[in-house]
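Take a look at this one chain, the form predicted on its own, written out in structure tokens.
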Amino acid sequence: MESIIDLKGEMSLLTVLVLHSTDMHAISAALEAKRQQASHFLERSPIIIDCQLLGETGLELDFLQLKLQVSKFGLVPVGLRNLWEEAEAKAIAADWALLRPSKQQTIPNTPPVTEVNLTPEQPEAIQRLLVLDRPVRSGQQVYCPYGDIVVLQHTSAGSELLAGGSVHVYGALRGRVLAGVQGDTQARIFCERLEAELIAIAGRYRLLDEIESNLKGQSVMIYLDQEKLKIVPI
């Protein structure tokens, strides 16, 4: 009999939400702040909740409310990891999956971009420019929250660039690129060949299907003009 379904193991890139507190009001406020910073990056993203920093205070988590809050902000909860052992039964009763710790994939010399910390500390030295001299591969995310990103080669389909400032790609721009993620409406995107699945500046975005055909594959500059995304050849 021909199989109806296949069950396969697969490695996929997921966002990790690192909890520093069990206070649901604080968690909700932090999630709202993250949504305002990068709403289109997080929208409908599968997410893992990491509880390692909570230790035994993980017993105080309201697991039902946590799932509701995560879903409320448009995220898709996958499961919990690094939970205090004594809290596991409580989490399972709230219909949470328990996951084993996993190693993250990152580009060398870049910050850990797959983690979303809910109580981040302001860095002592803010990085204003991140330069990558190699291609950005499919499944990789590059995040420079307060500065510009410069890619000296191409980006691949399935990759993501997120910058507080502007983005410059000296090659084909594929995948998703979000500039001005902190709300900077003066941010711009420059590339030698536009093939991106999604482009966004300060939360205003366009999909590849919505881009004029004569601009696809061209060298362009993307900017905001009175709340509207403009794409012009350069």
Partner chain sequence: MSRIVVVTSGKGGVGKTTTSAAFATGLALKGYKTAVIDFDVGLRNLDLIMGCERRVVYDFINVISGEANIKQALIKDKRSDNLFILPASQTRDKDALTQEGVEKVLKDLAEDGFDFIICDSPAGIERGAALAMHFADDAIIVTNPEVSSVRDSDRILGLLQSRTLKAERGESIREHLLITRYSPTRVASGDMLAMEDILEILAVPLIGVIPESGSVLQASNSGVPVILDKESTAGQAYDDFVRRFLGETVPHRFLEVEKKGLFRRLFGG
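Predicted model, so just to flag it, every value in this text is computed and none were measured. We call the rigid core the largest set of C-alpha positions that still match within 1.5 Å between the two forms. Residue numbers count along the first chain shown, from 1.
One more form of this protein should be noted, the form predicted together with the partner chain, which is absent from this view; the next part is about it.
- In the predicted complex, every residue of the candidate spot (154, 158 and 174) has a heavy atom lying within 4.5 Å of the partner chain.
- Checking 131, 92, 126, 76 for any heavy atom within 4.5 Å of the partner chain in the predicted complex turns up a single hit: 92.
- Between the partner chain and the residues 192, 62, 184, 197, the one pair within 4.5 Å by heavy atoms in the predicted complex involves 197.
- Taking non-hydrogen atoms only, residue 147 never approaches the partner chain to within 4.5 angstroms in the predicted complex.
- The partner chain is not drawn, but in the predicted complex it has a heavy atom within 4.5 Å of residue 138.
- After superposition on the rigid core, displacement of the C-alpha of residue 150 between the shown form and the other one stays below 2 Å.
- Once you line up the core between the shown form and the other one, the Cα of residue 131 stays within less than 2 Å of where it was.
- In the core-superposed comparison between the shown form and the other one, the C-alpha atom of residue 83 has shifted by at least 2 angstroms.
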